[in-house]
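Quick setup: the structure tokens below cover two forms of a single protein chain, split into structure 1 and structure 2.
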Structure 1
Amino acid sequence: MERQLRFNKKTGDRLFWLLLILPALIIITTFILIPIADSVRMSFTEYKMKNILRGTPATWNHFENYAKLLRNKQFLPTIGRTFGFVVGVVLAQFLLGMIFALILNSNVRGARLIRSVMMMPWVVPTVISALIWLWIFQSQYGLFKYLVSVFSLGAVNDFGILNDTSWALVGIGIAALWKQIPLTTLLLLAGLQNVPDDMIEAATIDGAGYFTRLFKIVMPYMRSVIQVVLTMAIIENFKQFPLIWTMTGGGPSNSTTTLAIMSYREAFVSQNLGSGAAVTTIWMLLMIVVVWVFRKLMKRQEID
């Protein structure tokens, strides 16, 4: 009888647990898994906007969309540009976020006010952020042009960062950092505040310097927080679309065209939904592989 009650209790707990996660499973399946599966299926078809207007079904064309992408001379440079943008922004975001978190964790005066103010860029919608930086980088009357002119003593008067193929992606990276650093700083600050004070005090008594304590005690203790922060940053910048599209539209001369921009162009500018789905599939697979490799490297460091 006792065994039966124990069995019934365990079954009831499992049913209750399943009932709790069921709404989340339904939402994830409906709005994430099914659209992803449909996009992958669409990438193997000839499916254009005219098919939607005429109500005709898509035509299966196997790997033709992927073959066209490989023949596209812009495809491989776009992948390289995407990786360059992600690596550059993520590294800068982590370094600056850690510096700001260390400053805020050092009992600086007005730390609470600074935390509240610094979250404002993160709260601002991405499109609004893009418009703000578009005005700052405006080549004729933008704030950035004025500052460059002042600091160069008038030697440079016509520098438009978004109009320069060598600097346009850097300008977008600056805008991305402005929006993303606040959340990174807040998460890293939370991790710093969870490091036990007695470990820091013991290391200080033993004669360990500031940087020794930082790299030998604080950073290893924050490994899980750092992993979450960097994973979020990688995903966020891999799928960065509204910022780039609003600021440059992928130009000038495709210098800011990433996989997100290329996918949109193929699907809605060229009106080839099948080709756009193929770009999206490759883009998604690359992002998954990068995140998987990163997490493997972090786990290997934990073992070492």
Structure 2
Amino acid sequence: MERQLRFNKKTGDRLFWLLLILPALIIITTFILIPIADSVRMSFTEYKMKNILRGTPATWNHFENYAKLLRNKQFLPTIGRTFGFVVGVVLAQFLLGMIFALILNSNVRGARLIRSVMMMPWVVPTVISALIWLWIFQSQYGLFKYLVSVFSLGAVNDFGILNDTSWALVGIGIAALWKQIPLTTLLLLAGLQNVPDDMIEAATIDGAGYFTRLFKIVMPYMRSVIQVVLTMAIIENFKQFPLIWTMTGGGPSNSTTTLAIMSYREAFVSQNLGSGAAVTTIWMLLMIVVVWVFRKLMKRQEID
């Protein structure tokens, strides 16, 4: 009798499980998985906007789209730029977030209020934050130009950061940082607060200095939080599109063209959907590789 009940329960459980996850599964398959597969398929075809217009189907062209990409002199620099952007912003995000979290965790007055107030940039929609920074970076009237001229004591008077091919990506990085530091800080702070006090006290009694405590005890303890934070940051910055598109559209002179921008441009500006799909496929592969390598690195640290 009992065995029968358990059997029924198990099938019952399975059915219940299926029922519960079915909506999620259907939506994810239809709107995420199928489009991705379709996009990969498209990358192997010659499919341009005019195919849509004339109703002619896509023709299979094997790796031609990819070969063309490799011939594009801008392709490798674009990959380099994307990586540079991701690495730069993620590192800065982590560093500043960690510092901020450490400060907030150390008995400052009004920490709770600060913790709420600091989240404001995160809540701002991306397009609006792009506008805010566009205005600050404006090359004729912008606040940033003014501050640079003040702090350089009048040496640099005409700094339109978004017009400068060497600095435009940095400008966008600053805007991205602005939006992402709050959440990073919040999560790191929570991780910090989870570190048991007794371990720290014991270390202090043993004579360990601040930085020793930090690096030998606190950070290892926070490993999983740090991993989550860094993974989120890597993915978020790798995916970044609206911010860059609104602020510079990939210019000046392609200096802020990341893989996301390149993909959009190929598909919707040059109107070559097959080529755009190829860029995206490579981009996804790169991101998966990066995240996988990152996970491996974190695991190896654990064993150490």
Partner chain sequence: MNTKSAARWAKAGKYLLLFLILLFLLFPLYWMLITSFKTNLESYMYPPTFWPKDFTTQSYISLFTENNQFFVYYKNNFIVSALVAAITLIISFMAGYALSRLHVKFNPVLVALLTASQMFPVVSRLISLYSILRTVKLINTVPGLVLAVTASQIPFCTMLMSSFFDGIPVSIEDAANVDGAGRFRTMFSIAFPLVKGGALAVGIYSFLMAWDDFLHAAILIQSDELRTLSVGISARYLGELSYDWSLVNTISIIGILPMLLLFFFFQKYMVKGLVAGAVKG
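Just so we're on the same page, residue numbers count up from 1 along structure 1's sequence. Being a predicted model, the structure only gives us computed values, none of them experimental. Between two forms, the rigid core is the largest collection of C-alphas that superpose within 1.5 Å.
Label of the structure corresponding to the form predicted together with the partner chain = The chain shown as structure 2 is the form predicted together with the partner chain.
Take the rigid core as the frame of reference and indicate whether the C-alpha of W292 shifts by 2 Å or more between structure 1 and structure 2.
-> No, the C-alpha position differs by under 2 Å between structure 1 and structure 2.
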